[in-house]
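First, one chain by itself: the form predicted on its own, in structure tokens.
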């Protein structure tokens, strides 16, 4: 789809990469629950939750993290678990505390989030079990067949490109290794309004053109990378309507400390028909 003239040909005029986007965003896009030591940056898995209930955004965020980790089958028997696009470190901490993983590495290219993750891991005294590395998802600095489980929560749509990440995931996972992720799917525009909105979203949210395709194409590209699909589900109905209700009832959270140009370019996020999926794939056993 990257050759389609209605899809932005370059990635972003505003941000050099997704790391620069998240350095810019800091904590403000969603709630920061300081008393809970949780920094929330995903849209949430809202099944059974209420968009208007106090604290349910945090619960939905944690539910999404748990969904990804549970689908990966994390356990104390995993030699190495890697979280791709680890945010503020909440997932890697959950891997150790809730799923008893002995060794976890989180990778990120946002310097701000890396610094906050390291501070949080130190507060939990988990430096011996968790490492955070500045590393691109499309150029993983791991040996072939070295990772037991790989997880990623709401990050892969930023990778330039997501197909390159799939190839790197396949290369670095051990035979029988699991890739578990939750991700946003930006379908190609279907009408004139969406043709106007999408390039602005690509610029403001750092969405490469190579990642604009359907869920069906998503599954095909993972299979083309060599993976077997274990589970794949569209969970848009448990994410999009609830997050939109939360966003419209908390508009200040979305715009505080932002410049007007960025707000204008990304406001279409609330109306564009993006989808939300989770997927579990396996590298075949030898």
Ligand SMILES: C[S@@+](CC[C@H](N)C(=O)[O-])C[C@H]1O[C@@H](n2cnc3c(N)ncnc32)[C@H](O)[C@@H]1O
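Remember, it's a predicted structure, so these values are computed and weren't measured experimentally. Residue numbers count along the first chain shown, from 1.
Keep in mind the form predicted together with this ligand is missing from the figure; the text below concerns it.
- Using a 4.5 Å cutoff between non-hydrogen atoms, residue 185 does not count as a contact of this ligand in the model of the complex.
- Contact annotation: residue 177 falls outside 4.5 Å of this ligand in the model of the complex, judged by heavy atom distances.
- For the chain shown alone, residue 159 is a contact residue for this ligand in the model of the complex, at least one non-hydrogen atom being within 4.5 angstroms.
- This ligand is not shown here, and in the model of the complex it never comes within 4.5 Å of any heavy atom of residue 218.
- At a distance of at most 4.5 angstroms from this ligand in the model of the complex, all three residues 109, 137 and 154 contribute at least one non-hydrogen atom.
- Of the candidate stretches 79 to 87, 96 to 104, 185 to 193, 118 to 126, only 79 to 87 has residues with heavy atoms within 4.5 Å of this ligand in the model of the complex.
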